[in-house]
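First, one chain by itself: the form predicted alone, in C-alpha cells.
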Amino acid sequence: MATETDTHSEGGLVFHPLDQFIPKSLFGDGPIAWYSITNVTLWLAIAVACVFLLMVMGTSGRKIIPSRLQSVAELIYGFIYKMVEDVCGKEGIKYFPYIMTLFLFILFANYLALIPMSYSPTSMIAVTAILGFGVFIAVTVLGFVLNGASFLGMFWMKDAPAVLRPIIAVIEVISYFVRPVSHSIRLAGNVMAGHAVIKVFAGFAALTLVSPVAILGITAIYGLEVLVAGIQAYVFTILTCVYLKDALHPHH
C-alpha cells in the first residue's frame, strides 16, 4: 500500500488518495509501453512467487509431522477442496487446480498490498477484469462442451408460468452476461476503497489537532482491510464455484 507524503499548497492540506493506484515504470519516467516493467507487474510477479514458495517449496519436503509452512499449505488446500466439492459436487473436483490458483493469487495479491510502499494489483480493474472474464469465458465454453445446446436450458425456467418464461429468460440472459462485470468490479472496488480511505486518514494525520483521531482511524481501517483481503479472495472463489456449478449442472 503506497504511503506517499501529502503536501501543503497555499495554506491548505492537499492529498490525492487515488495517486497510489497509478501504474509507474520502475525504470525511467517515460511513457509506459506494453513491455514496460511497472509497479503493477512487479507486485503481480511477487504474488506469483509467494504462491510458488508456499505450494511448491513449502511442501517439497513433506513430512508426517508438517512444518508451519506445510501446515498452512495443507490447510488452504483442504479448505478450497471442500469448497469446490460442496458447491460443484464430485464433478467439479477436476477443476480444483484452477480454482485453487485463483484463490491463492488473489489472496496473496490482497495481503501483499497491505505492506507499506507496496502496490495493489487487485485494485486495478484491468487485472480483475482479466480474472473475471477469464472465469466467464472458461465456464461458458465448458458449459457448451459438456452439455451442448442444452446448456441454454438454464435460461428457460420450465417451472414458471408460460407467459412469464420469455421475460424471465431475457432477465436471466442479461444477468448471466453481467456476471464477469460484477465479478471483477466487486473485487477491485472493495480493495481500492479501503486503500483510498486509509490514504485519506493518513492525510489528516499531518494535522496536529486531529492526528490522534486520524491514527486511530488508520488502525481501524487497516484492521478491516486485513479481513477484507481474505474475504474478497473467498468471495471471488466461491462465486467461481457457483458459476462452474451452472456449467456442470445447467438444469439444477
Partner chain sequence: MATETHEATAGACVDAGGSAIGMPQLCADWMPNQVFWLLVTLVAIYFILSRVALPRIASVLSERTGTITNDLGAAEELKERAAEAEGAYDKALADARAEAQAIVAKTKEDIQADLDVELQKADAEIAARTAQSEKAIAEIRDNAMSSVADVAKETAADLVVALGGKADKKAINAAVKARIGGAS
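This is a predicted model, so every value here is computed, not measured. Positions refer to the first chain, counted from 1.
The form predicted in complex with its partner chain exists for this protein as well; it is not shown, and the discussion that follows is about that form.
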Using a 4.5 Å cut on heavy atoms, which of I168, A138, M124, L114 is close to its partner chain in the predicted bound form?
M124
Report the residue, out of F151, F133, F96, Y176, that has at least one non-hydrogen atom within 4.5 angstroms of its partner chain in the predicted bound form.
F96
Would V48 count as touching its partner chain in the predicted bound form under a 4.5 Å heavy atom rule?
yes
Closest heavy atom of P66 to its partner chain in the predicted bound form, within 4.5 Å or not?
yes
Taking its partner chain as it sits in the predicted bound form, is L104 near enough to touch it, meaning that at least one heavy atom pair lies within 4.5 angstroms?
yes
Report yes if any heavy atom of V210 sits within 4.5 Å of a heavy atom of its partner chain in the predicted bound form; otherwise report no.
no
Please state whether all three residues Y35, A73 and M192 have a non-hydrogen atom within 4.5 angstroms of its partner chain in the predicted bound form.
yes
